[in-house]
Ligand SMILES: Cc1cc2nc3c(=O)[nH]c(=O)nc-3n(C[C@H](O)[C@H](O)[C@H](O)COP(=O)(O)O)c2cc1C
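The chain that follows stands alone, in the form predicted alone, written as structure tokens.
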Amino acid sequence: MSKVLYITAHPHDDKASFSMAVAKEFIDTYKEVNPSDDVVHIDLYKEDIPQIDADVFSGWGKLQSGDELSASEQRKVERLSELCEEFISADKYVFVTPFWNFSFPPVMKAYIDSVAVAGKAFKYTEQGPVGLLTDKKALHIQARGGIYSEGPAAQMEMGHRYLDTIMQFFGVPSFEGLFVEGHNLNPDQAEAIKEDAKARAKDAAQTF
């Protein structure tokens, strides 16, 4: 049995969002193919995802020195630890994001910050950092109104490329992208583009 984190960073549901519609097709099919797996939905717009702020830095410092944390420091530090432990305990990750301003919503960055912990997701060695999540696999589902997988706009895409870099840094050996592209550029083809992506998502779920 595998533990799958289904991590969504979208304020809309599958009725209003192309990325969420395609992701729903993927995860529903995955559950059908793998009924014994534990699929945990983490809706980043509904979860408490603390930003790494002054309280967090202060709390971490106090943990090292043995000083007592304030209530705010304690809450944030404990929550960040919970998120990290949940992440490293999983076997597979499905990230679902829209394409905003060439990247993804800020809450996804805050989430990645919460799990990018030395000694947990990676470690420092004399040869440099080494990823520790070498037995995981991950997928990123993202809808983009234009075309960013190829052509002159490809260099402007920084959401998937960021996640790819992070997964490599964590040592995750398998990270794929499933993209829905061009529906705003070609609105008359939008439904066909979505349906094609849903079909690809269903196929991808069979072997994920």
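Because the structure is a prediction, the values reported are computed rather than measured. Residues carry their position along the shown sequence, with the first being 1.
There is also a form predicted in complex with the named molecule; it is not shown, and the following applies to it.
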Touches the named molecule in the predicted complex: residue 183 (any heavy atom, 4.5 Å): yes
Considering non-hydrogen atoms and a 4.5 Å limit, does the named molecule approach residue 145 in the predicted complex? yes
Answer with yes or no whether residue 122 is in contact with the named molecule in the predicted complex, where contact means some heavy atom within 4.5 Å. no
Residue 134 versus the named molecule, in the predicted complex: is there a non-hydrogen atom within 4.5 Å? no
Could you tell me which of 44 to 52, 27 to 35, 136 to 144, 62 to 70 sits within 4.5 Å of the named molecule in the predicted complex, going by non-hydrogen atoms? 136 to 144
Only counting heavy atoms and a 4.5 Å limit, does any residue of 98 to 121 reach the named molecule in the predicted complex, and if so which ones? 98, 99, 100, 101, 102
